[in-house]
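Heads up, the chain shows up twice below as structure tokens, two forms, tagged structure 1 and structure 2.
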Structure 1
Amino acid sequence: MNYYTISQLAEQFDVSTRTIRYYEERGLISPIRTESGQRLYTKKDRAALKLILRGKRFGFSLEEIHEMISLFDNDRTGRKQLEKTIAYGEQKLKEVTERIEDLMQLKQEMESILADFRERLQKLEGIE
């Protein structure tokens, strides 16, 4: 079986070893230990780490990520994992859409205020 050290995974995914240990503490990955205590990660751990990092990038909580990963262990067909991932993904997409709408409104407000300030400045410069 092919194993990875914590340093190898940290380098591959451009994260700190502390980050990987944190995910281990949270129960998201479970490396085996050598007699000397060195962590060795399997391909399954590597795949889980990849999913964790992707999930974090998409804004999922560690609890949501843990649930999605755990579902595959309980249902090897992957169906339940896909169903849950789709449900979480749809919710996350809704949140992103709402955030974009809020930011667009904020942008319009800022543009309006800036236009007003520019107009005021032009009037003041005309007085001088």
Structure 2
Amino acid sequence: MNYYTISQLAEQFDVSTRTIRYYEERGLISPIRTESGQRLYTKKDRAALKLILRGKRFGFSLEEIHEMISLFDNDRTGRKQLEKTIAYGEQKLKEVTERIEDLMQLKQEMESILADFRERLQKLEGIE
């Protein structure tokens, strides 16, 4: 398995190294270390970072993202744990679904506003 350095990841995702270290500081990523203390990131760490950045784009706080990651990531072997995780997942899924619907409504509204503006522009061009 090969590793990424922090600056490689930073470049790939166009974020600062400080940002990546901050996510670790908050417990969202846990890269291994070389003997001298340098961070090494696996494909899994990379995937986690990708997830975090996507979550951020959706407006989730790091705290929320942390919650999601740790629930889905940990191997929840016990039955109770599994049930709890499923319930949580269903809840989050519902939230995402609502968000999609909300966004689609916004899209509709924007489209109708745009149509209105285009009509106005046409009328202006008709006069001229």
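All residue numbers here follow the sequence of structure 1, with the first residue given the number 1. C-alpha atoms forming the largest set that superposes within 1.5 Å between two forms make up the rigid core. All values derive from a computational prediction rather than experimental measurement.
- Each structure shows the same chain on its own, and structure 2 is the form predicted in complex with another copy of the chain.
- Taking the rigid core as fixed, one finds a CA shift for Glu111 of 2 Å or more between structure 1 and structure 2.
- Core-superposed comparison between structure 1 and structure 2: the CA of Gln122 exceeds or equals a 2 Å shift.
- Taking the core as the fixed frame between structure 1 and structure 2, we note the C-alpha of Asp102 moving 12.9 angstrom.
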